[in-house]
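Here are two versions of the same chain, shown separately as structure tokens and labelled structure 1 and structure 2.
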Structure 1
């Protein structure tokens, strides 16, 4: 019943919590279950993690590293937008294979614990979108695009998790994914030879330049000059 006695109690608590969290279909997991499975008593938990939430946070950071590893572990295809698609799919896959961990990570609403993880996930996406921006493939500043795409990605994943398994169609994901990417793409990135549809090319150019500058940490301008320059670019690329 109990866990490997070789391991230190802290590790056993982490593993027990992760295991129970993974096998409890959404129902809450009690500290008593955890400590019993880990083979320790309550104060040990609170000594190491301070809190039930502290323990869960620790489990989550482990899970998050797994998530990040998944997001990073494919070689860039040279097609940034294609990589964004893969990040999206990977996000959904992570949510569906580890729904409970996902819910603790993204379904959690408390304005303290959530943002750090969301911000990290956003940063990953933004990094990739930055490459797309440099290539002149997107329509919107990378940060805004990342926030927007991530929001949709989380929404879709939550909806799929909440859906009974039998009629859980992955189409919802691919369609929403492509809609979001399509909407932030420039026409050239879409492969169509049609004219501009909305954004003028100067805006796209400003976005691309902005991204390129931030990526290369150019030394051609002083830092204060650069700051102002970037602000102007941002203003241009945010204008409708």
Structure 2
């Protein structure tokens, strides 16, 4: 199957490469596979991108430009944490509307090899969290908060992409988003949440902190200390 012949050859090559990379499961993708799916010849690929690697770089670059445009597609509200919520929702929307491209950008993870696209996405989120820090709304450094929130954001998006459309629940995204932002927020920023009963507030905080610690790979505690701490948090968060 090839893409719509009415699309420009360059666009078809970008889409074909993104789809093949996303579905490759780490296996090499050949020039022949790309040109066949795009419905063009190899010289067309070389004309637009130089070589196959140039095409792959263009896929990620174009994807990130689209991602950034989506992340900033709102007027700042003046409330940094509310804007972080919007950025989270835009991230999930991008992944669900462009699943092949998203998997190329965020899904091709290899051991001990951190994609530059992840660092770039963290930096984008950190910009907004810096504003929250200046406003006294977060209780951890912006970089740590960005890393924790993005880790959860990517994880939720990948899970939703993998689910059949009829079983997909955006509530999972909303619940995780609010838990992660709660985990990095100061008591003042949490506002009404602190007005709940003491026990329910502790349970909510334990759930959020548990998620944040597991997502951020904190180096503030040794592995044994962290394991014990997470066990305590699990007991609290599991209490009725």
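Positions refer to the first chain, counted from 1. Being a predicted model, the structure only gives us computed values, none of them experimental. For the two forms, the rigid core is made up of the largest set of C-alpha atoms that agree within 1.5 Å on superposition.
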(request) Could you point me to the form predicted together with the DNA, 1 or 2? (result) 1
(request) For the rigid-body movement between the two structures, give the member of 127, 155, 174, 61 that sits on the hinge. (result) 61
(request) Please report, as a whole number of degrees, the rotation of the smaller rigid part relative to the larger part between the two structures. (result) 41
(message) Keeping the rigid core superposed, can you check how far the CA atom of residue 19 moves between the two structures, in angstrom?
(response) 8.0
